[in-house]
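The chain below stands alone and is given in structure tokens; this is the form predicted alone.
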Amino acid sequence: MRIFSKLIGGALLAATLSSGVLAAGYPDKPITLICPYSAGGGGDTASRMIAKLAGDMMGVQINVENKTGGGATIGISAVANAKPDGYTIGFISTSPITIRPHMMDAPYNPIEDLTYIGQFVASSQPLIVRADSSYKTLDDVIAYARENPGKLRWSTSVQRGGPHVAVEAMFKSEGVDATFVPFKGGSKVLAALLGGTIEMAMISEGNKATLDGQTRILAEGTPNKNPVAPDAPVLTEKGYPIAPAIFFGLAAPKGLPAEVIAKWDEVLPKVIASPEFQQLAEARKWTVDHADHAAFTKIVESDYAAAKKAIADIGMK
């Protein structure tokens, strides 16, 4: 009887402790947010704002840890290999998730090794020409490139990134040749376009440049209609292979518990709706666009598959 009583008592104590833990809920200790980009950049700035606001809302400290290198693959690998308990998460952006793994031996599989918590920024990527360009439509550009192989010069802000793949896939599907001219950053691409060094570009800076009267938007290179030129076609509407989402988001290791996902589905939209985040987004010219775990997962899976096919078709390495 004594043994039986001790067993019953132990079971009741365990149940009490267990219910206490569950009542406390996630999170109940500090969280590490790994940023795969260096301090001071857009990814780092976004990570620190998310950490501050979400930490305040959840009542815990969220510490940002910069793990750079390998085109962001080192930091993302650290996230993928962490314990899937919600206490190590990471900032992610498009290229190292949906594009770069098809061009290199990445130390993680984006589909098998990560849980996608949510998206909070989705940038427009307009295909632009100068405002005084003779190209009035995307069809004009294709016609010129067909009649003048290799003479059309164009660029994007990141070589072998999503916009680069999208435009190369467009030209490939049309069977035309154009010349890609690499620059480091969208501002330099815009300067080259306005200065006549190139004739066309796909950059997020194109929205402001169009509002300023400097450029004209011919098409949109992401899945969403461009807010500055809603009549401009999305590339896939024109029948081209890919229009990848250009996103900022959060990810965690595969196997994240449902209660952790539910907590971030609750908190992340509140974070990005806050005046502090909205002010940062306005200053950085980010387009705030929330997608919860389920929606963001579908975005990543769809774009990953589309990029795999497009990259194979155009032979990009």
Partner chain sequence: MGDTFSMVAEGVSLALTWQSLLAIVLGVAAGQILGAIPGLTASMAVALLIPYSFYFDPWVGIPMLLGMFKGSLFGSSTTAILIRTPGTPAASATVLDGYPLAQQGKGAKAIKMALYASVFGDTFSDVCLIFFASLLAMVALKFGPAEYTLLIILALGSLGMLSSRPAWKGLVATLAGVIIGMIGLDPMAGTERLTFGNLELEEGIGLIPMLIGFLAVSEVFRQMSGSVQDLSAKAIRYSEKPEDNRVSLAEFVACLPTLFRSSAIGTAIGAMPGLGSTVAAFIAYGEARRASKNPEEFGKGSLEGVAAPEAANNAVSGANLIPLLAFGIPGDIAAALILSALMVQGVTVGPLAFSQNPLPLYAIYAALILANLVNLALGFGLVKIAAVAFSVPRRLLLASVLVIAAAGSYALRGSVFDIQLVFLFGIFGYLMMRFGFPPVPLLIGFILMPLLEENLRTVLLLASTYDEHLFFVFKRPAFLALMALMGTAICLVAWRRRRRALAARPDA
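Numbering follows the first chain given and starts at 1. Because the structure is a prediction, the values reported are computed rather than measured. Think of the rigid core as the biggest set of C-alphas that the two forms share within 1.5 Å after superposition.
Another form exists, predicted in complex with its partner chain; not displayed. Remarks below refer to it.
Check your understanding: Which residue, Gln159, Asn81, Ser133, Thr137, has a heavy atom that falls within 4.5 Å of its partner chain in the model of the complex?
Key -> The residue from Gln159, Asn81, Ser133, Thr137 that makes the contact is Gln159.
Exercise for review: Can you work out whether its partner chain is within 4.5 angstroms of a heavy atom in all three of Asp113, Lys172 and Ser302 in the model of the complex?
Suggested key: Answer is no for this spot.
Point to revise | 4.5 angstroms heavy atom contact with its partner chain in the model of the complex for Val234 | key: Taking the distances in the model of the complex, the answer for Val234 is no, it never comes within 4.5 Å of its partner chain.
Practice item. Determine whether any heavy atom of Thr179 comes within 4.5 Å of a heavy atom of its partner chain in the model of the complex, and answer yes or no. Key: Yes, Thr179 sits close enough to its partner chain in the model of the complex that at least one of its heavy atoms falls within 4.5 Å.
Point to revise | in the model of the complex, Lys225 touching its partner chain (heavy atom, 4.5 Å) | key: It does not: once its partner chain is placed as it appears in the model of the complex, Lys225 has no heavy atom within 4.5 Å of it.
**Study point:** Partner contact for Pro257 in the model of the complex: its partner chain, 4.5 angstroms, heavy atom
**Key:** Outside the cut-off, so no.
Exercise for review: Considering its partner chain in the model of the complex, find the one stretch among 86 to 94, 115 to 123, 235 to 243, 206 to 214 with heavy atoms no farther than 4.5 Å from it.
Suggested key: Of the stretches listed, the one contacting the partner is 206 to 214.
Practice item. Heavy atoms within 4.5 Å of its partner chain in the model of the complex is the criterion; list the residues of 69 to 85 that meet it. Key: Heavy-atom contacts within 4.5 Å come from Gly69, Gly70, Gly71, Ala72, Thr73, Ile74.
Check your understanding: Does superposing the core leave Lys285 with a CA shift of 2 Å or more between the shown form and the other one?
Key -> Yes, shifts by 2 Å or more.
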